[in-house]
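Take a look at this one chain, the form predicted on its own, written out in structure tokens.
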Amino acid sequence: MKQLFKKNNIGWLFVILSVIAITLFYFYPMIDALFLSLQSGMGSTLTFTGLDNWGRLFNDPTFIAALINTSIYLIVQVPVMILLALLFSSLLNDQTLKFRGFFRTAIFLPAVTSLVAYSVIFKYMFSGDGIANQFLMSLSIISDPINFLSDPFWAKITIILAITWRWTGYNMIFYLSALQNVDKSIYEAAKIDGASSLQQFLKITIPMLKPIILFTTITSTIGTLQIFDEVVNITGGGPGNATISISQYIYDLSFKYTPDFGYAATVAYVIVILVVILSTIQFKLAGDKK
């Protein structure tokens, strides 16, 4: 009995330490940032301004540009990436495919590449005399180089391509792991019933992966809302503010412009609100009540 009591105490000790750590490093900064969003200035010059920072959001053209750009990245890139990851995982789950290990590694490899390193490589690839322009011109698809980094439209496309290239393999691994646990007899039965590969993909693979799709969609949404490295290193948020993201704007408000930590905290809370709203919508659409 005494030993059992001691074991319980040790268990509670681990739980209490975890609760203290989570409270200290997660909840305290979140609550502190909320109070900070009601102030303006920095350090000892912080002054309470109520909801002024929240009202300022609606009249801030840079914030509106950052919000629109981030929304475009989210709406275009996440569905494309999820679909590509599903297709790659289905193809690479085929036991008859040769060099499966090589292809799996090749597609996953970008996920472990340094964010800064791959962003810089993309910047050079899509520069005026980069390999992308040289390749398109060699195929006579274009006659003059495309201004990938200085044109507002193409700069966004370049950012979207970079994110998709890096994170598709990461999501593919989740789907591939889930497909390993799907009973192969289900596919065999479907083949006997005459189901085509597309029907098997739509009627078996996607429904079986529904919880994983929900998970990757939410994590990809959160990641895209926090996009920073790619934008800063590839385009610097330009031309103008054509590619600036919300996270880059938070950095600029804190360290580049005249520091205003209160307003930066307000913009940061916009990401929190968007994550909560979009995650709730995704749970509702997926029909997950848990």
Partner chain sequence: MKKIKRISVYTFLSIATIISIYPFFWMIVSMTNKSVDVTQGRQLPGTHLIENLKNLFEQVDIVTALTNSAIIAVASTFLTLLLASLAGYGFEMYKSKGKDIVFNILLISMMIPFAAIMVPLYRLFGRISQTAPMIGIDTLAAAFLPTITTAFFIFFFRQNTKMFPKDLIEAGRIDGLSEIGIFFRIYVPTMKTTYAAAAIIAFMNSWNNFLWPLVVLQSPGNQTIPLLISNLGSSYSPDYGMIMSAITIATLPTAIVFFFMQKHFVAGMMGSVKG
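Rigid core: the largest C-alpha set superposing within 1.5 Å between the two forms. Numbering follows the first chain given and starts at 1. Only a predicted model underlies this, so the values are computations on that prediction, with no experimental measurement involved.
Missing here is the form predicted in complex with its partner chain; even so, the following discussion is about that form.
Asker: Which single stretch, out of 182-190, 144-152, 97-105, 70-78, brings residue heavy atoms within 4.5 Å of its partner chain in the predicted bound form?
Answerer: Single hit among the candidates: 97-105.
Asker: Out of L51, I222, M42, I64, which one falls within 4.5 Å of its partner chain in the predicted bound form, going by heavy atoms?
Answerer: The residue in contact is I222.
Asker: Even though the partner isn't displayed, in the predicted bound form is A264 close enough to its partner chain, meaning a heavy atom within 4.5 Å?
Answerer: A264: contacts its partner chain in the predicted bound form.
Asker: Does at least one non-hydrogen atom of A117 fall within 4.5 angstroms of its partner chain in the predicted bound form?
Answerer: It does: once its partner chain is placed as it appears in the predicted bound form, A117 has a heavy atom within 4.5 Å of it.
Asker: Does D60 reach its partner chain in the predicted bound form, with heavy atoms at most 4.5 Å apart?
Answerer: Heavy-atom contact with its partner chain at 4.5 Å: absent for D60.
Asker: Do L109 and its partner chain come within 4.5 Å of each other in the predicted bound form, heavy atoms counted?
Answerer: Within the cut-off, so yes.
Asker: Taking its partner chain in the predicted bound form, would L84, A268 and V275 all count as contacting it (heavy atom within 4.5 Å)?
Answerer: All of them do, each having a heavy atom within 4.5 Å of the partner.
Asker: Looking at its partner chain in the predicted bound form, which residues in 184-198 have at least one heavy atom within 4.5 Å of it?
Answerer: Stretch hits: a single one, S197.
Asker: Taking the rigid core as the reference frame, is the Cα of V272 displaced by 2 Å or more between the shown form and the other one?
Answerer: Comparing the forms between the shown form and the other one, which are aligned on their rigid core, V272 does not shift its C-alpha by 2 Å or more.
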